[in-house]
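There is one chain below, alone, in C-alpha cells, taken in the form predicted on its own.
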Amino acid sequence: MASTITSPVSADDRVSARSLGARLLSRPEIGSLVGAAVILVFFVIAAPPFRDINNTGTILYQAALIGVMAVPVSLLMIGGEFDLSAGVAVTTSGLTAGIFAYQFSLNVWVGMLVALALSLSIGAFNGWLLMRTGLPSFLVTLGTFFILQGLNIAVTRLTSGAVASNSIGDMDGFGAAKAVFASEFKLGGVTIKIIIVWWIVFVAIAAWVLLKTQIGNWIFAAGGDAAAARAVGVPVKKVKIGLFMAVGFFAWFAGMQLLFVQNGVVQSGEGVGKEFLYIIAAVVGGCLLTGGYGSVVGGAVGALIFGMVQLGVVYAGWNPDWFKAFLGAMLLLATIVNLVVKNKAEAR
C-alpha cells in the first residue's frame, strides 16, 4: 500500500498574526510614550518639587494649553497640511469676542458667537485658498499669519487705544462663560483646570473619529496620496477644508479660554510663535511632516512632554534658556524616530 507523504502547510505571510511587540512598534505614538516615561523619571529624580502631587495640576495645565490646539494640528498634519496661523488665530478669536461685546454693549455670549463665526471663516478661507490655488499650505497660512497679526494689533489700538482689549469682566454672561472655559475644581487635593478636562474629551473624540470612522480613513488617504485618494472617491477638497475649519474651531475654543482666564482682557501681541509649539507636539507625538501618518493621542503625549519639560526645568532650578534648546533637539529626534518607526512598520 502506497504511503501518503504530507508536506507541512506553510503559513501565509499575508494573514499571519503579528506579535504584540510588532503591533506596538507600528503605532505612531510609541516613541512619544517612551520619551514621556523617560522624562518623567528624569525629573522625578532631578527636581524634588516635581514629586509633589500638588504640582500635577500645574503640569497638566501647561500641557493642556498646548494640547488643545495640538489636536486639530495633528489631524491637519496627518491630512498633509500645516497651519502657521494657528497661534495668532487663538488671539484673534479672544480679541474678537471681547471687542465686539464691549463696543456694542452686548452679552458676552453674543461676542463669542461672532468670534466662532470668524474663526470658522478663517479656517475655511485657508482651506479654500489652498485648494483653489494649489499653493503650499506653508505659504497660504504664513500669509494669514501676518494678516491676523497685523489686524490683532491695529484693531485693538483703534478700539481701546492700547495694546490690550478693554475688560469685559463685569458684562452680562461673563460669569457663566468663565465657568465653561476657565473654571477649576479640586480632585484629591489637586487643583484641576477645566481646560484639562476639555483636552481629554477632545483627544478622545478626535482619536475615535480618526481610527473608527470613514472620515478618519479619508484624512489618512488625503495626506498619504491626494491624487490616489481622489481616484477612489475620497472628497479631498472637502476633507482638507474641513480640517482647516477644525483648526479654526479649536482656535476659537482656546481663544475663549485665553479671554476668560485673564478676566476678560487679551493682549493683542499674544500667540506669536505658539503655532510652532503645536506642530512640535504633533511631530513628537508621531505625525510626519509629509502627511498620511500620525496620531492624535501621540500629539497629546507630545503636549504632555512639553508641560513636563517646561516646568521640570523650573523646578530643577536650571536656566530656562535651555528649554528652547531642548525643544529644537526634541523636534529633530522625534522626526528621525517617527521616520524609522514608519519604515519598520511598512517593512513588516
Partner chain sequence: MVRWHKKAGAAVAALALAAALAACSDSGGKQEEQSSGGSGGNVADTPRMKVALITHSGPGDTFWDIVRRGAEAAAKKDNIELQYSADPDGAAQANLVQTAIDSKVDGIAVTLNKPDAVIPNVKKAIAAGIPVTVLNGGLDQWKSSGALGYFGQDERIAGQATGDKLKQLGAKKVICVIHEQGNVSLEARCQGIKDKFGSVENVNVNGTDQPGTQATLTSKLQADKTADYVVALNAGIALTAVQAAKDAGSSAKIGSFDMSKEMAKAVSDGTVQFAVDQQPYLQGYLAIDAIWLYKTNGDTIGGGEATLTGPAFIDKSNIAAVQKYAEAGTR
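The model shown is predicted, which means the values in this text are computed figures rather than measured ones. Only the largest set of C-alpha atoms that superpose within 1.5 Å between the two forms is called the rigid core. Positions refer to the first chain, counted from 1.
Not on display, but discussed next: the form predicted in complex with the partner chain.
Chemist: Given that the partner chain is not shown alongside this chain, does T290 nevertheless sit within 4.5 Å of it in the predicted complex, heavy atom to heavy atom?
Modeler: Although the partner chain is absent here, T290 would stay clear of it in the predicted complex, with no heavy atoms inside 4.5 Å.
Chemist: Classify D172 as contacting or not contacting the partner chain in the predicted complex by the rule of any non-hydrogen atom within 4.5 angstroms, answering yes or no.
Modeler: Contact check for D172: yes, within 4.5 Å of the partner chain in the predicted complex.
Chemist: Is G224 close to the partner chain in the predicted complex, meaning a heavy atom pair under 4.5 Å apart or at it?
Modeler: Output for G224 is no: heavy atoms all beyond 4.5 Å of the partner chain.
Chemist: Is it the case that G143, even though its partner is missing from this view, gets within 4.5 Å of the partner chain in the predicted complex, heavy atoms only?
Modeler: Answer no; every heavy atom of G143 is more than 4.5 Å from the partner chain in the predicted complex.
Chemist: Taking E81, S85 and N217 together, does each of them reach the partner chain in the predicted complex with some heavy atom inside 4.5 Å?
Modeler: Not a single listed residue reaches the partner chain in the predicted complex, so no.
Chemist: Taking 4.5 angstroms as the heavy atom distance cut-off, pick the stretch from 205-213, 67-75, 225-233, 149-157 that is near the partner chain in the predicted complex.
Modeler: That would be 149-157.
Chemist: Which of these residues, V247, L258, M112, I122, gets a heavy atom within 4.5 Å of the partner chain in the predicted complex?
Modeler: By the 4.5 Å heavy-atom cutoff, the listed residue in contact is L258.
Chemist: Of the options L139, A164, M131, V197, which one has a non-hydrogen atom that comes within 4.5 Å of the partner chain in the predicted complex?
Modeler: Filtering the options by heavy-atom distance leaves A164.
Chemist: Out of 116-148, which residues reach within 4.5 Å of the partner chain in the predicted complex, heavy atoms considered?
Modeler: Heavy-atom contacts within 4.5 Å come from A117 alone.
Chemist: Once the core is aligned, please say if the CA of F42 is shifted by at least 2 angstroms between this form and the one not shown.
Modeler: After core superposition, the displacement of the F42 C-alpha between this form and the one not shown stays below 2 Å, so no.
Chemist: Compare the CA separation of A325 and F276 in the predicted complex with the one in the displayed structure, and answer closer or farther (the difference is at least 3 Å).
Modeler: It is farther: the C-alpha separation of A325 and F276 rises by at least 3 Å in the predicted complex.
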